[in-house]
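Same chain, two versions here, written out as structure tokens and called structure 1 and structure 2.
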Structure 1
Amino acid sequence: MSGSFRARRPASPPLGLAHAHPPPPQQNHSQRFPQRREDHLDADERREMASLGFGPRGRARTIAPGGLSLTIGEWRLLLVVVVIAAGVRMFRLSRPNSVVFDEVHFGKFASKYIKTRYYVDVHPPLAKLLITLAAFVSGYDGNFDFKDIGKVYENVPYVAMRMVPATLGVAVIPLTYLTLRALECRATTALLGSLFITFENGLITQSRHILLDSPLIFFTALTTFLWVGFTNEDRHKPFTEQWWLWLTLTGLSLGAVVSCKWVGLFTIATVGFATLHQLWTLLGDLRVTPRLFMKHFMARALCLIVVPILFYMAMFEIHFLILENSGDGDGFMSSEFQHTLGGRGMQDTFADVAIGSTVTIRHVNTQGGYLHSHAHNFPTGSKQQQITLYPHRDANNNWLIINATSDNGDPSYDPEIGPLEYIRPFAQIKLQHLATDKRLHSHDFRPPVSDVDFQNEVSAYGAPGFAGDANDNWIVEIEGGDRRDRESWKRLRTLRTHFRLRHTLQGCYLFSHKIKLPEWGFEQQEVTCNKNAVKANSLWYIETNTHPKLDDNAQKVNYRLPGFLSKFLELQAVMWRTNAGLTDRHIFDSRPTSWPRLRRGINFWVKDHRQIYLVGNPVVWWLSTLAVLAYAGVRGLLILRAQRGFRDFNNSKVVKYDALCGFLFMGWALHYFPFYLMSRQLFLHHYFPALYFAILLSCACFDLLTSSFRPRVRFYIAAVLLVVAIWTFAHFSPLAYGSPWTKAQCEKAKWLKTWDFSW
């Protein structure tokens, strides 16, 4: 063996790998060393102990919390960077003094919180609650309507509201620095990453307005930092107070990120896969007993699953407590949910429905609108009186039930004379609209909107003193009842029985769907008679019921009000359906294929040759994309080399940077590729969480490529990159701040033809 041979140091474990307590020294006596000291470790054993986090003689080393060991100089440098970031993001925050892009929505939601009026949005409430808190503390009364982009603010503390995302945008910068340092990157690399984030035009633009993406990115960055800190603690020594603290804070941050937007689920997936990797490694470590493995598993399940769920649910509890009164979101919710809101309560109503009852009839499926008519006619078809589905209580929702198979069909019928006649299965009835004295009617005319052969028009037909005709007749088909009310299966019972109405002549079913009538129908929901009706859209129930022969001693019923869990689950389903329904094209939407290339931005605001246009810093953006492609290519090459017998993964440097870059690449991929599965509207800002991981990955690549350079050379390279990035930021800054610029400047800024901003 050559005298110059040097044993290779064992590879450092990647992030999240198992730790172990020091093994006892091996008793390996020999003739040359017959009485070896028990606490003596040879060179190989010392290297093994060091790789497991132990110092000389097996003593555990103490590490800084989360593996962060920053000098006083670094903290001072970080403070300077934060001051610069605050200046960049809060520069002229009051401009423009009018509504910008989606401030139309999120400012309006703040008004609804302050007015305590219920609304429905596709996003969870945390970020909106933070913005509302700033508005409330600043004295906002909720009276501004945020109706249109460009509407000038009046009596709105919009600067304070914009300060929330701006402040959280600033907070991302130190988190970037600390995360890279916790990932064992050099200080120069961490500085480069924090300044890349500082001067990224897209993140700047998004954080300067009343929008949700800045809080989302902040909690994404916070979760990443806390997880890396926990991984360092876990690698050193598990189940200490610091270990539990980092793990619990990671769980709380996971709850916060998904409470801003459901995109936070991708952050949960990132931490989830990293956790599975940790557990898989522990499972393969024979020094870890099954009991200890279960302890690790249960600790992670508690802090990374239960804690985020409880935090997420707590945000909705606050949401429900504030939005206690009826608002324009009522129509999205079930009738039971609606009656938990102030102003929507209902008096107890008679349970038994009979011939002669005056009732209101609600649709089961499409947010429970009321069967409705008003004194306006269809402009086409029969040109008879309109029948619609209307979401609010109104006198035009009242209908009188008349027996269609006896003399009771005569308009002179008096329900107070004769015995009480319940509505049983297959009873034939007429429904008379009390306000206009017309009857629910269908015939062989096509509806004005759903003009297809299997749909018939439904109208209100008749006149005072006219008994009507057979086209007014409907057969009651009971489809289901309440399991706690057996009679609701045998006859029509208020609130308890679901039924269908089949037309006696046409054989079609009274039907409604989410198609709305044009302005002549007041944009109310279309009601038709459908021969191929989907059962869910042809089910109805009676909400209120009065009858002259029922006295106060008769049985009454009311809605069973749901508890928090039922309301929470119902709202999640409504949010999911609403989000999936956002499929209409938008003038500035884009698809995921264009995001890494920065092919297109979003026009936020334009006025007097000034424009706010969301577009990233091309240098930072394209470097991050290049890093993603480079890692994917190099990792693929390493896999091929390993298959051919090369031992690249025996090199501790390769193992370290593969674990580091692999974690960041996984974060980018999990925040990017799921958007390919979505058919809803998508915009450039949906890429921002993935962009954050891509920027960190570009810095990790820089750290690797400059690892063999002298510190001064590394610093010079970083300085050149930063100068180019800052120049690019300044070049595009008029689009971030809405500053005046010339037509020539505008034309020079169009580096790509697909960037559709203009002077």
Structure 2
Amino acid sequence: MSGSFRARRPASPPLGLAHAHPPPPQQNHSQRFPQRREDHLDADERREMASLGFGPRGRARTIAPGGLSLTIGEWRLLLVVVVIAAGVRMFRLSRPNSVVFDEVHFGKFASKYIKTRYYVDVHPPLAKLLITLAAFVSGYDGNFDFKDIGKVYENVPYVAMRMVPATLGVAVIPLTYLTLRALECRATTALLGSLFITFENGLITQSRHILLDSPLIFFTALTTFLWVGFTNEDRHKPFTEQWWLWLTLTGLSLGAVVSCKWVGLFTIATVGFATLHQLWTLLGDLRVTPRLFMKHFMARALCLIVVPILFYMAMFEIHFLILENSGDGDGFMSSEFQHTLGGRGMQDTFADVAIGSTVTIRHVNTQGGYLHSHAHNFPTGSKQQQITLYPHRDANNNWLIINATSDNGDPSYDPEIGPLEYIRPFAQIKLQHLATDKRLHSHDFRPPVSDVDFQNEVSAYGAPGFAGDANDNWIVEIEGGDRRDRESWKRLRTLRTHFRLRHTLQGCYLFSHKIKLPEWGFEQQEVTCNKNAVKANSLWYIETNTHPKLDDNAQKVNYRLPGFLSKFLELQAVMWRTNAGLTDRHIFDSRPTSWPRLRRGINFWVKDHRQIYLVGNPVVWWLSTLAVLAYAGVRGLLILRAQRGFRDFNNSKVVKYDALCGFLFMGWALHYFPFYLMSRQLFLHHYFPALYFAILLSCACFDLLTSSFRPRVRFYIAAVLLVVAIWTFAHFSPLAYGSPWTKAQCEKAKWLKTWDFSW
């Protein structure tokens, strides 16, 4: 499954070349593993060794880095390919000069980075940071709003921004070449592969715009390349400097993939499974001592788990450092988080809450804001004054705490005179709305929106001179305090204590949830009194607090600003929830079953009878799918044959190509099948990482099928394939570049009825 090919080899040093490496302990194994003579290699194996760069003995280092030994000629060839690729990818990059498809989002995010306004997106930051960097260097001021597809750019260095995905898109091409070479494919195959990728219309279209998939594919390709290089090093000799270097780079690159999009987790899974396969092989090699095995294990755990995580976190650190000011993403985050953003700070406030305190009360679980009332009445139920949650600071959020037991009807009690009376658990209080002189009230009416039996309406009720009734009474139940403030468990303390308010008569809890009131409630959040309240949604805390008897010397508190780790974790949770919530249908979404068949594309941009439509190069695409199916079929047949006693796996060619194709197949499968489990909206471009592996697989199949031909013949076959691929590319290129097309040509290009361009 890994990129290793020779089957009978033990995992550590190549046989017969072990001079640089001390032979393994011999004592008990001499019988079982008689030492093979050094010149045991037969002609085949010797040639294979040579192709890996294992030269004649005596030289200190006998393997080219990563098992890559390219001649000067090949490097020159590669240069030519890169130039072609750059031409294809960057041709008229400035057109169209208006917003295309998801540039709406990713362009907007770049603006927000530049204006340092906090936002929340479902994707990790790396790719967006790269795009921002390009925009920043070219002097973008962040003042364009990327509002609609088709909006013409003004004062936006959009070409520079598009250069980022385009450059990374070009960089995939040499990586393809080198990966195939490192996988011991022939130069012709590698050339074929790199040109297939070059002329893949889908990848071209995707890399020409400000989108995240091109960086994602680049890092996926980079990871694959580095991992294959590492495998080659590992087979040669583990724990050399080179070995560590390749392994660490693989880890960093893994971190980069997953920092572009979470889809990168599939790349991690691919490398993970390949690693497990390596370790399993090592475990079966009884010459590897448990100690040595642990060393192998720890090295991989360190570089392939710890390093990517650190890299990923570093990206978020940069993200937080740049986005230091409040923006439209605030509402997703907790209050503590919000207070780390510029423009969201708050003055210190008194810690001790007592009878007579004027407070503002916030809801813990939703970002609905403060317990609020205003001089408008409910149109339903009791028709009394509205109680809502309001997200902004306002004098209408101020409440006065009144003792409901001792001063009920006793106007002589004055908190300014008596001693400070703290709010202890199960204290009965009333909350008086200062601006309107009404009290927080609940009764047996159904709330306006959540019209169910177990919820009561909450209103503000009262009149000047009227002391109120028992339906104004609430019992404070302290739910928990702060670990560092022991007092906050015993009595109400600003910011530190989370509490519930139980209605004395109805037994229901003051409650709020993410349900908005209609227009008459100014679309503020509904507040009810719930008899079956979910605990999380009935928790409240006090944000600001003043009391006539507390002077400046009294203890003050403020939000504890969360550290990086808690901010990081909070944002991950928010991203996860937002991502899972993306379940709306989109007119161009598609399900995974349609991707390998290329049943439908995505309309990116239409204007003035020109169109950009994301669709692949059908020849390359279908060939890759064919290769995947062929490998699965042949491999199944081989397993059946093995069970019936055929010795196919004694053939070194079968073994080599099985390992090679097996690795690529696994890469394809792990980047494809998990999408079936996702119920969020999916698009054709989600298939691209899998497509990359499938194209490599089709090249490996080409290598196998032409392995017995003479090089010249092989080259001719490759040339024919390329000509066909390039012809199809040219045929569909107007869709990729958005260049003008006649109606007839357009209709002719509709090879499948389901391709819905031209409308």
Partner chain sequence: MSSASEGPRRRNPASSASRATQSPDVELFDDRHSTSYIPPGAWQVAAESNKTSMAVVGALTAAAFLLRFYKINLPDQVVFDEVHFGKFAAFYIKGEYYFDVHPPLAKLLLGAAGWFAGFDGNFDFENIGDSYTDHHVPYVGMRALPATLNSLTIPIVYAIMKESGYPTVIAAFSAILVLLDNAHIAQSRLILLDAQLVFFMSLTIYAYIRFRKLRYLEFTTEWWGWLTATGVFLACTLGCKMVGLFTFLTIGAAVIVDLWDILDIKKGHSMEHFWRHFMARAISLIVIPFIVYLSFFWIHFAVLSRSGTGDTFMSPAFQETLRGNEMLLNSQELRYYDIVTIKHKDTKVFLHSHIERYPLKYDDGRISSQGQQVTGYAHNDTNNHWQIIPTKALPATGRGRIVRHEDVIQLLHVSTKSHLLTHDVASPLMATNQEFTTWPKDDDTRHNDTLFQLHLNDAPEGQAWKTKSGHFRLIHVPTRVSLWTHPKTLPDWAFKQQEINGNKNAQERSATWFVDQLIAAEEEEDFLNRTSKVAVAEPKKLNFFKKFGELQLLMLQHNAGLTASHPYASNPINWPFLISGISFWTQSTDQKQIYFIGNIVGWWTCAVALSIFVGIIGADLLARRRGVEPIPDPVRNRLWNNAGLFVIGWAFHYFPFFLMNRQLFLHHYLPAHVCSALAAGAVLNFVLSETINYPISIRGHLTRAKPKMHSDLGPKALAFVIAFALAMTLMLVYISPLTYGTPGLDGEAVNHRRLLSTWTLHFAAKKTDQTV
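These numbers were taken from a predicted model, which means no experiment stands behind them. Residue positions are counted from 1 along structure 1's sequence. So that the term is clear: the rigid core is the largest set of C-alpha atoms that superpose within 1.5 Å between two forms.
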Between the two structures, is it 1 or 2 that corresponds to the form predicted together with the partner chain?
2
If you line up the core, does Gln385 shift 2 angstroms or more at its C-alpha between structures 1 and 2?
yes
State yes or no: after fitting on the rigid core, is the Cα displacement of Glu526 between structures 1 and 2 at least 2 Å?
yes
Could you check how many degrees the smaller rigid part rotates against the larger between structures 1 and 2?
14
How many Å does the Cα of Val557 travel between structures 1 and 2 when the structures are matched on their rigid core?
3.4
Angstrom displacement of the CA atom of Glu477 between structures 1 and 2, core fixed:
5.6
